[in-house]
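Just one chain follows, in the form predicted alone, and it is written as structure tokens.
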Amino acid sequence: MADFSLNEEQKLIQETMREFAQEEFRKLAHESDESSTLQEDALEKVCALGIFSSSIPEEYGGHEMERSALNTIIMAEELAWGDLSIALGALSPLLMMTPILESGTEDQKKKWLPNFCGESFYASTAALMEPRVSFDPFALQTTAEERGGKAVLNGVKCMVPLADRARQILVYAKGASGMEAYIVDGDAAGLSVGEREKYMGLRALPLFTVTLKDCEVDLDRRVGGEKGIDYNRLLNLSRASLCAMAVGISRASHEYALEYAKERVAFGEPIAYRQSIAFMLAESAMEVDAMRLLAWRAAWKLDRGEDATRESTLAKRYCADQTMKVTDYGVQILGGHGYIREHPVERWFRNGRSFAALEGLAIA
């Protein structure tokens, strides 16, 4: 039977990340969104928390704490509660680190994992999404063809976080054995990073188009070697993490709207007493809890080594829809003030819209 009561370690993770998000991300969120700038200082401070090295075994330079998808999504929820754009940018090294931990060969782990154990932020990312109206992660157009002892990559990726500064980009492609992942240097010949993409939300997160044209990669950079990656599990880990982040901004919007409704007086009483407002607040509270339970259930199965495809897929679909509802309620409850940029509910509404389109921008 699933037990979702947090142990002492998980409570500590939750409290530490919530305090960090309050003190660091919340203070930067508005300015970062307005200026479309991801603060480098925030990335370094996240690295200093030991988020990356704590999941890496000692033999590769880490702290060898037990790696857990549930622990990671507890952390992801709190950081996204602080700010989604900054959280996605700060956690982008996991996009390369986790697949290597999950599927990498021994040589790949020895070569790449120590990079994430240093004191400075190691810029790395992954390229999964492609610029198509209806993106299907199981029908990638990017290809990997073996020629002359090399893998030759061709294709176009979009929404690649921090691609402009990434030391390495983990590129997902369709190869002879199915879905494959290759570690490509950010300055590799045949790889070009386009102009920064602009979106309605996630304005502080640098997202780029990456084009691969006859980009040659040594075969020893294929994650997992001949065995390859467990692509389905990696997608499930990603969806669970994205769901946790959806919970984070939904919770943030609900909490802000609740406090506003208690303090805003109209016709002699707080607007929270109005039935229409009270119903939106109650429904938001229920949806936040429901989303969290779906995300935790998926992570619980993943930690048990079970197939969580159904759970992670349902969670992602549900969280994408309900995040839109909860953040929209946040704007509605504030009325005209909800449309003013000085109130964060409009930013959470814009960022919340992204979850319906995101794949692979976070991973547990």
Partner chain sequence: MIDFELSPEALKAQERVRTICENVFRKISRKYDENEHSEMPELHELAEELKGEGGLRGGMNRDFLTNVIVTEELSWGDLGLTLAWPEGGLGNAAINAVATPEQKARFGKATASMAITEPGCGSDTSNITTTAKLDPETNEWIINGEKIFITGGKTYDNVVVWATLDRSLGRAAIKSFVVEKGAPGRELVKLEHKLGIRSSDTVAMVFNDCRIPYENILGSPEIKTRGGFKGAMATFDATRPGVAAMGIGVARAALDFTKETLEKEGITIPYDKGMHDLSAVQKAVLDMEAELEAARLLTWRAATMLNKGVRNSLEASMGKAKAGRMATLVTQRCVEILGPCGYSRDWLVEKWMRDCKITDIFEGTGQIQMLIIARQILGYTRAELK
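Remember, it's a predicted structure, so these values are computed and weren't measured experimentally. Positions refer to the first chain, counted from 1.
Only in words, not in the display: the form predicted in complex with the partner chain, which the text now covers.
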> Looking at 114 to 122, 90 to 98, 149 to 157, 262 to 270, which lies within 4.5 angstroms of the partner chain in the model of the complex, counting heavy atoms?
Replying inline: 262 to 270
> So, 5, 293 and 324: all three within 4.5 Å of the partner chain in the model of the complex by heavy atoms, or not?
Replying inline: yes
> Among the candidate residues 74, 173, 215, 210, which is the single one with a non-hydrogen atom no more than 4.5 Å from the partner chain in the model of the complex?
Replying inline: 74
>> Quick check on this chain: which one of 229, 140, 188, 280 has a heavy atom within 4.5 Å of the partner chain in the model of the complex?
In response: 280
> Taking the shortest heavy atom distance, is residue 10 within 4.5 Å of the partner chain in the model of the complex?
Replying inline: yes
> Using 4.5 Å between non-hydrogen atoms, is residue 256 touching the partner chain in the model of the complex?
Replying inline: no
>> Residue-level contact is defined here as any heavy atom of the residue lying within 4.5 Å of the partner chain in the model of the complex; does residue 136 satisfy this criterion?
In response: yes
>> Taking the partner chain as it sits in the model of the complex, is residue 220 in contact with it (heavy atom to heavy atom, 4.5 Å or less)?
In response: no
> Mind listing which residues of 214 to 251 have a heavy atom within 4.5 Å of the partner chain in the model of the complex?
Replying inline: none
